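Shown here is one chain on its own, the form predicted alone, set out as structure tokens.
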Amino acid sequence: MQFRQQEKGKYLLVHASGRLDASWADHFSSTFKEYIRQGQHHILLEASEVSYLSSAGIRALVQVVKSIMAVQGSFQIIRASSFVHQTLQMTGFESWLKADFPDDLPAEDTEAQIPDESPFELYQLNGSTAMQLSVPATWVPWKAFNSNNLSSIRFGHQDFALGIGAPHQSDQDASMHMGEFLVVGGNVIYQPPREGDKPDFLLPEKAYLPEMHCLQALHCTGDMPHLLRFSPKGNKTYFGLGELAEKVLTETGSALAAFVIFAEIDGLVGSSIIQSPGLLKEDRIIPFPDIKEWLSFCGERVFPRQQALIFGMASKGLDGKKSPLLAGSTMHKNLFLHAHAAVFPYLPIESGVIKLKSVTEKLFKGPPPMALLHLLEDSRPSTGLGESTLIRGACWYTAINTNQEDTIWA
């Protein structure tokens, strides 16, 4: 089976020829799902040269239509051959059939328009103009553990956070289970400090609000009033985390901002705690390779083509000051950043304006998270992995109001 595609306005027009049977069904569904993955959510299948359609082919069509409907798209079969037309009518799928192209399909002789080459789309959402920040737990690696430094935080639907902590339990038990966590809209994802363990998660429901014992935490409350959509255009095939953080800071005009990213992964670079900091009995400086007893570093760029849910905070810095909670970038001048990423199986999302709450609700109804990473930069010459990069997705963001600059900045 062969395909020839054209982008025409909002539509992807695919001319197909050949037999859609068991031999070609998997190729057909994977090809069209890749179109959807690339952001083509309105597909026209011109099927005048499709000579045969079997039950296996219909099953492949059903899979494609379900994927498109999941992102609020559309799918139509145009000018189907008589065999395909009759088969779909007899099997109850005649709603897919259209006699001709939709009225809003650009005509062939329409003067070509210069495409918008910007890889970004900006949207203003409802909500307040800035979030409130608190820093209730300020542990700095690798200080001795002290239970007096723990802060218990309960997370509601307007809470966003990242840090190191453990699900709410006794102080003694919590000390043994301190790992990275992130919070998006009250949904907590927590990585136990044991190598190979899958992340756990706690979701707010009815009267229940997740609670964490926090050793380190950046905690924001409020709305994300801005949305940035990004996708490859021209020679632009991926987006670095630092690049997106800089874009957020530019758009907010703020020295400090928070963001949530939901995007397809090109490659993540990061680490995770594999031994609880609660076991530290004294202040330490842990050199390499001893640090590998406490942290697991990815040795390559990980989780390509999966989906990342990232919460982070970024700053332009203040008069050369350093921050114990925001790491200075080695790849982006005067950028300070702290971000955690939860990894999920790939999940397509619709184009345009989307609500963060609806995305997280859909996400947590599906497969559980695969991993949680503290995102890093690796700028070593020749052998460095660089920074985490993403292909396409959505970034909700906001400026931060804070009266705790002395806590953020040393």
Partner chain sequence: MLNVNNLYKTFAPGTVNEVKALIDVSLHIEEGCFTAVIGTNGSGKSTLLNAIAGSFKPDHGRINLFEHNITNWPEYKRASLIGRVFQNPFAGTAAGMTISENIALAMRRGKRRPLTAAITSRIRDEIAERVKTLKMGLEDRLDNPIGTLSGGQRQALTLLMASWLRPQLLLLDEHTAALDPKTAAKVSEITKEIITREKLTAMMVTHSMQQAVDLSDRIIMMHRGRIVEDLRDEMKARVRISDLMQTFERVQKLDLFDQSVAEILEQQFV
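Positions refer to the first chain, counted from 1. In this text, all values refer to a predicted model and were calculated from it rather than measured experimentally.
Keep in mind that the form predicted in complex with its partner chain is not shown, yet the notes after this line are about it.
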Would you mind picking out the stretch of 129 to 137, 147 to 155, 298 to 306, 239 to 247 that comes within 4.5 angstroms of its partner chain in the predicted complex, counting non-hydrogen atoms?
298 to 306
Within 4.5 Å of its partner chain in the predicted complex, heavy atoms considered, which of 169, 231, 74, 271?
271
Answer key: of 175, 191, 252, 216, within 4.5 Å of its partner chain in the predicted complex (heavy atoms) is 216
Residues 10, 52 and 102 are flagged as a possible site; in the predicted complex, is every one of them within 4.5 Å of its partner chain by some non-hydrogen atom?
no
Would you please decide whether residue 380 lies within 4.5 angstroms of its partner chain in the predicted complex, comparing each non-hydrogen atom pair?
yes
Are any of the heavy atoms in residue 292 no more than 4.5 Å from a heavy atom of its partner chain in the predicted complex?
yes
Are any of the heavy atoms in residue 80 no more than 4.5 Å from a heavy atom of its partner chain in the predicted complex?
no
Distance check, residue 87 to its partner chain in the predicted complex, heavy atom within 4.5 Å
no
Residues within 4.5 Å of its partner chain in the predicted complex, restricted to 173 to 199 and counted by heavy atom:
180, 194, 195, 196, 197, 198
